[in-house]
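Taking the form predicted alone, here's one chain by itself in structure tokens.
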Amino acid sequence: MVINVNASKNYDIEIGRNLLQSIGANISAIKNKCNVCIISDDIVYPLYGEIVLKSLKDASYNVCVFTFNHGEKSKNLNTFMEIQEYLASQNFKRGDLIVALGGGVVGDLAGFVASTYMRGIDFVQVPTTLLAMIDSSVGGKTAVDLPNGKNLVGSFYQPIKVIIDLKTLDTLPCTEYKNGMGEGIKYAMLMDGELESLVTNGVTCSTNVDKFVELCIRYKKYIVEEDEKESNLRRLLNLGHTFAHAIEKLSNYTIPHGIAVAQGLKIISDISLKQGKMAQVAYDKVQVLLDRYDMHIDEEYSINDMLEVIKLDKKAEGDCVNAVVPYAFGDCRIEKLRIEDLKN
């Protein structure tokens, strides 16, 4: 299956199984022979790196590899600079290519490197986690974290292709599957309809996942084409994220992004219900989904600590924050909420 995204770059998202073996031929259809750097982490590369490396070499690309320690703690300016210096040491030029092989951290980091090295070189997203497939690999958001918060340094930079091999989900740990479904519940709340029914009925790595990935991507494609730089409509995709980013930072990134998003959905649903905006029936449906996918965590953080992080969030403006407030499934609205009201 191929889904086309018509943004600042026009590119295809290819979804299927066993696509890694032919990735070299796939890329050669849109990119002439050049230097290619596979950027991956120390978990994903041992699983799939040699397959991708061989395929690219068989297609006559000159290939090198850069791997780093997995996890959000590596998504920083130090790793960013290490990759930049490595590319320079390998004599990479503007016509060369980066292949981001891994989850969201790999994609965000490699994409930001691609957007800035020599003022921009091509890159291909090859997501290997459910979360990266349905969310971070599509739409061109790239970033690294600062000590003060998540994704504070970044750019909008579209790939030239996204290749999603669903076969990689076969090796996905249960924790990473849950991580993806945190964002999946968010999409179900935004879209309602077929996706909400699918998530309610149950998505696993072997059940309904193909259709689930497709529906999430089609929705994100629509959002990105309408509002690539997040000036209005694309802000809807931040549902749950205001609190999620604070939870991630306060946990020192031990709580994965998708699970933090699920907690953010719970918090903003609590607020919406208490403000009389969200109906009880919709609120109860959120709780059912959080229970179904076991999205609850035991950690607790103080209100003041949460709000201090939120004040540094990209969505904060003065004493307010632009939050996505759920009224019902399929009815989520961007509203300016006073941080003091959130505290109350």
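Quick caveat: nothing in here was measured; it's all calculated off a predicted structure. We number the residues from 1 along the sequence you see.
FYI, the form predicted in complex with a small molecule isn't displayed, but the following is about it.
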- the small molecule in the predicted bound form reached by all of I43, K75 and N151, non-hydrogen atom within 4.5 Å: yes
- Examine T171 and determine whether its closest non-hydrogen atom to the small molecule in the predicted bound form is within 4.5 angstroms. yes
- Task: Flag D122 as yes or no: does it have a non-hydrogen atom within 4.5 angstroms of any non-hydrogen atom of the small molecule in the predicted bound form?
- Result: no
- Task: State yes or no: in the predicted bound form, is some non-hydrogen atom of G184 no more than 4.5 angstroms from a non-hydrogen atom of the small molecule?
- Result: no
- Message: Quick check on Y283: any heavy atom within 4.5 Å of the small molecule in the predicted bound form?
- Response: no
- Query: Picking from 79-87, 103-111, 194-202, 208-216, which part of the chain touches the small molecule in the predicted bound form when contact means heavy atoms within 4.5 Å?
  - Reply: 103-111
- in the predicted bound form, the one of Q158, T242, S269, S136 near the small molecule [non-hydrogen atom within 4.5 angstroms]: S136
- One residue of H70, K31, K277, K314 in contact with the small molecule, assessed in the predicted bound form (non-hydrogen atom, 4.5 angstroms): H70
